[in-house]
Ligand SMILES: Cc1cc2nc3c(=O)[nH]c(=O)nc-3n(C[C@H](O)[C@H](O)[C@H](O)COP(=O)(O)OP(=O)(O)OC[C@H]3O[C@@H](n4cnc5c(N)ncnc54)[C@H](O)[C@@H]3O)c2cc1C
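First, one chain by itself in structure tokens, the form predicted on its own.
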Amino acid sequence: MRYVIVGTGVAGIAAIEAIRSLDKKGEVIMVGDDPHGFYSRPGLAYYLTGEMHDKGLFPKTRDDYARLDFKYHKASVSKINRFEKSLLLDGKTPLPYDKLLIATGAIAAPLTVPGANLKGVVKLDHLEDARHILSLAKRGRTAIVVGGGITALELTEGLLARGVTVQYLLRGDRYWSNVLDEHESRIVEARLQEEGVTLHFHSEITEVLGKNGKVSGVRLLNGQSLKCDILAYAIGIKPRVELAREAELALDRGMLVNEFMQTNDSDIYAAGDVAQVYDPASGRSVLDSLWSPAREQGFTAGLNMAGQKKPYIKSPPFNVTRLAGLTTTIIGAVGHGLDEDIVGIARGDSETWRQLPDASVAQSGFDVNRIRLLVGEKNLIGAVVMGDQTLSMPLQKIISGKMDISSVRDKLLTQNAKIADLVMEYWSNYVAA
């Protein structure tokens, strides 16, 4: 059996680990065009701020790779020939496969205004992008950052850490409004302003201005012009589906796969940012651009490629990030489009929730502590935990396990309830039971 994996990200590596857990002898080949192979994409944010050395981005050792026993071809896949079951590498070399995994990931959605190709216009897609940003980020320079999510904030933090003056453009009236509530957005914005960031709301770029081939500023929809030496953008991602499209595999926004990670060709699988996975719980096919789901999808794909019939069960989102230096965990459904029977409640600090045994505290000395819960009829649907992370892991287990919280639901919804204490008490009773 020959397994071929296209893509060097976490989904591809996880697939190889899964294949090797079942098939020690089959031939495994990974193909990728990233010059650095497998590394931690989430770590790029900490590389930009200087908190992580580039060597720290590479979690696997030579021995780890030797144990996985696979060949690596540094090449671009030009074409998938489904009927001959082979790939064409670099336009000339055929590579036959028995089972194929496409884990090509996604790229940063491009900036499409005039002047977007000027020198000094940057994105954070991969390690070379990060190195390019660091080569430009000199103390005394000015940057403009565009985008409404986590990556835009990572660019802002990275540039600030390097002594660059940053202006941050937001299209709406607050930061990340489709995930955070207004109070949470304002917390992040205030912290950015304390760090010296100038925020511009309702701002949209219509043109990148340049001088001698380099960015010199931007023009906004309202006619205002702002000067800058660097323009960094993070306005979404686009799954890399070109190969799949040419091979006439089923597509929507990403490659459509069933719960076994199979495409409409039973010998071709997809996982990670490129895959739009059928979720039996919701009956919908969903794209997921987080690191953990990519790893889980890749592992599930590998098991199925090696003959074990195992469905991918999408777990509630669990994303630990840093927003303006504030550790923030986002669990489950917390944004727009929620059912009407879900009640949102939020409270600030609590004294006793830090006493939880086996607590995982990701940040200490915090000046902000906030917890927001989305409460369904019998379960917690989602949570946002900012600052003290004592409750993030218990909440993740309560939400993903769909635990019945009927015993504390009414108390949670009473006015001025100490919701953190109530969650801690509920979790402690569960652990003790």
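Residues carry their position along the shown sequence, with the first being 1. Remember, predicted model here, so these are calculated numbers, not experimental data.
Same protein, other form: the form predicted together with the named molecule, not shown, and the subject of what follows.
- In summary, the region of this chain contacting the named molecule in the model of the complex, judged by heavy atoms within 4.5 Å and restricted to 63 to 71, 398 to 406, 380 to 388, 33 to 41, corresponds to 33 to 41.
- When the named molecule is considered in the model of the complex, Glu184 lies well away from it, no heavy atom lying within 4.5 Å.
- Residue contact check for Val77: one or more of its heavy atoms lie within 4.5 Å of the named molecule in the model of the complex.
- Remark: Gln167 does not count among the residues lining the named molecule in the model of the complex, judged by a heavy atom distance of 4.5 Å or less.
- At least one heavy atom of Asp125 is located within 4.5 Å of the named molecule in the model of the complex.
- Ala271 is the sole member of Ala271, Val145, Met305, Leu159 with a non-hydrogen atom within 4.5 Å of the named molecule in the model of the complex.
- For the residues Arg191, Lys314, Arg240, Arg171, the 4.5 Å heavy atom test against the named molecule in the model of the complex is passed only by Arg240.
- In the model of the complex, the residues of 96 to 132 lying within 4.5 Å of the named molecule by at least one heavy atom are, in order, Ala103, Thr104, Gly105, Ala106, Leu124, Asp125.
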